[in-house]
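One chain is shown next in structure tokens, namely the form predicted alone.
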């Protein structure tokens, strides 16, 4: 049986917000567009959903094609559907977000992206489409989750100092945290332990390195 619909069909895309903490600042991954519209402008990685793939599959594929990143846990953030958000046609975008370490992650632009780079959230360039709105909402959602969860631990390297961990939380939440209270809280969870090694940088006193001992109990973005 053939069906005919009297209503036009909107296109569907996915956009991906990948946060990280670099040099003590919250960064987001952007690509430079290689085609119209907004050719040469910075934007979030993403693209059109194929007829034979799910939203999650599209988000992962576009992220890998445009930035080279794979094996990244993504959580659905929100749907953006203002009628004029895309000059090409009626496009609804389903946005995803996550927080990930940037160490040992090589970026490689591909398909219709000419560059892929980390950008400080506090100094973003002009962005294509409504991507500044998407990033703003993703940052608010991330901050709310970091206030009450241990998700910050899953994005730390194998060994880290408590100061490095606190910086991740402060950057995600957007404000300074009391050092004593933060350390008391994180150590009371019994999820990390001292490695017996110390980290030294510059003239600062060496700091104890920690590692996660119960990875199965560390919360993930949900």
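Residue numbers count along the first chain shown, from 1. A quick note: this is a predicted structure, and the numbers were derived from the prediction, not measured.
Form predicted together with another copy of the chain: not shown, discussed below.
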| request: Give a yes or no for residue 25: in the model of the complex, does one of its heavy atoms lie within 4.5 Å of a heavy atom belonging to another copy of the chain? | output: no
| Do residue 11 and another copy of the chain share at least one heavy atom pair within 4.5 Å in the model of the complex? | yes
| task | State yes or no: in the model of the complex, is some non-hydrogen atom of residue 81 no more than 4.5 angstroms from a non-hydrogen atom of another copy of the chain? | result | yes
| request: Answer with yes or no whether residue 94 is in contact with another copy of the chain in the model of the complex, where contact means some heavy atom within 4.5 Å. | output: yes
| Of the options 76, 132, 149, 102, which one has a non-hydrogen atom that comes within 4.5 Å of another copy of the chain in the model of the complex? | 76
| task | Please determine, with the chain shown alone, which of 150-158, 42-50, 61-69, 192-200 has non-hydrogen atoms within 4.5 Å of another copy of the chain in the model of the complex. | result | 42-50
